[in-house]
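Only one chain is given next, in structure tokens, and it is the form predicted alone.
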């Protein structure tokens, strides 16, 4: 069913920014009332000039709203008691901009790598865990695999995990602040480099935000082209994630098979857009991508052949008893936990939360799209594994329908008044990615990119307690989040 979206975002929609106690209470009340009526926390960022904090809220039907509050004596009220998903956003804003969040105690370091781990010190980045026979195991930040840096500090009794602290941001590149002052059309370059695995998603989210600020909407053809690129990106990511789960249980044959499928899907990306990871395929205001009838037919044939082979290999995994027995009951994230933590994407759907931004994306070609969840939506490794397969078949179907004719260059068109702030929300392979763009004329005044991986990292920590330490690599791979999204 097509949903008419009313976008409420605009300068007049910002909650009062006067630095008064009344304004602070209005800010919290607006957030609380929005959450109570089904809206979700979708991000928090510091405004240009660091004079205020803005919280992005998203309705179940796609509308967005920014609730803002000005700093008073360098502080704003915390909302983590209302929206636990704001935890990382507030901690990052504190570390990068020196802003205090009243009521957020202890305000532990996140991007600021203070090395204190003394559990007596409330400002240390770790959470104190004590008890008979409790001890710590530190893993990382350097790992054996070819991955980015991340430190996992486990509190254990025997091999049983009591608590996990995760620390990322080791190679924070400052892409958001580097983008300030650039022309709006240059912003996709900064957004894409946040993460190669979601380069298209991040670029489209940025493009939508910039176009909303400029008063532009995509034509039907531009929406179709971008949707094709997004689903091609989702295809190789889900294949890669299935390979990762196979690696997590030591099934080398499954890992190698699905890694080969991943590479083939990336080659399809290159055939369509000229780059295996989709770099340079998205621009603000239009698309230069073009594929003739013969090229589109060749791509569809490649995808059809890939689908047949993936289907056969998936069935072989299901009939591998020793593999299947390793997945149930490991790394469980309940629906209540997912709801509280703001979990997004396949991880949320595997816990039974049927939420997918694709079903409320009027700027993309997802008409009639409905999210799917597994029959056994228990939020464990098995459910997240099965969720990938369900979405793979959806993606193959979407691509087959969208690639029924040539792709031609397309442009945006006027579709509303220009505004100071624009928002883009796109479903990445790991969940909802939000981008807020504040502009100063034709230049970027502030860019905030909050990816699906960024939103989901706290959920990995929540899924670990109660499990055995040797199972953590499998739990981690079942989420298969990006470290680079925190290093942006």
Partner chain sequence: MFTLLRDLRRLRRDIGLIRPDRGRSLAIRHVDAGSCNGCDHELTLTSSPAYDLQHLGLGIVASPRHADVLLVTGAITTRMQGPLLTAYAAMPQPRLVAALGDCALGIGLLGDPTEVVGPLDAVLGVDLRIPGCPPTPDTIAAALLTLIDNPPAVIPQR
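Predicted model, so just to flag it, every value in this text is computed and none were measured. Positions refer to the first chain, counted from 1.
What follows is about the form predicted together with its partner chain, which we do not show.
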| query | finding |
| --- | --- |
| Option from 158-166, 340-348, 213-221, 252-260 whose residues, in the predicted bound form, bring a heavy atom within 4.5 Å of its partner chain | 252-260 |
| Listed residue that, although its partner chain is not shown, lies within 4.5 Å of it in the predicted bound form (heavy atoms), from 327, 303, 80, 111 | 111 |
| Answer option from 413, 316, 288, 404, heavy atom within 4.5 Å of its partner chain in the predicted bound form | 316 |
| Contact label in the predicted bound form: residue 174 to its partner chain, heavy atom within 4.5 Å | yes |
| Contact test in the predicted bound form: residue 178 vs its partner chain, heavy atoms, 4.5 Å | yes |
| In the predicted bound form, residue 352 touching its partner chain (heavy atom, 4.5 Å) | no |
| Exercise: residue 193 in contact with its partner chain in the predicted bound form, heavy atom 4.5 Å | yes |
| Sequence-ordered list of residues in 453-475 near its partner chain in the predicted bound form, where near means a heavy atom within 4.5 Å | none |
